[in-house]
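Just the one chain here, laid out as structure tokens, in the form predicted on its own.
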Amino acid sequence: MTFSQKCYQMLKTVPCGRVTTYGDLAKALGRSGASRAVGRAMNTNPNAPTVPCHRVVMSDGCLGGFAFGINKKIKILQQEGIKIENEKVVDFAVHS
């Protein structure tokens, strides 16, 4: 299984209404220094939204990127009950 496939498999465990970070996802995969690799995997996710890459944010709550555009990421997260202000998740509980 490739690193990207492992990322997607792990990401499927993040429930609706929760987020994880690029770094926490990397740590959960045993690759603590691979947050950028996680970001690349999320950017090339062929199975969105089944694999919910929109639920991955930066450690400070900033949204990071999204292949379908940041406005789409905001809309999806808000529909899932995540509060967003100034392109940043507010009071987020990280799923790890």
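Position 1 is the first residue in the sequence shown; the rest follow in order. Just so you know, these numbers come straight off a predicted model, no measurement behind them.
Note that the form predicted together with the DNA isn't included here; everything after this is about it.
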G33, S59 and K73 all contacting the DNA in the predicted bound form, non-hydrogen atom within 4.5 Å | yes
With a 4.5 Å heavy atom cut-off, would you call A37 a contact of the DNA in the predicted bound form?
-> yes
Even though the DNA is not shown here, does N47 get within 4.5 Å of it in the predicted bound form, heavy atoms only?
-> no
Determine the residues of 15-29 with a heavy atom within 4.5 Å of the DNA in the predicted bound form and present them in sequence order; the list may be empty.
-> T21, Y22, G23
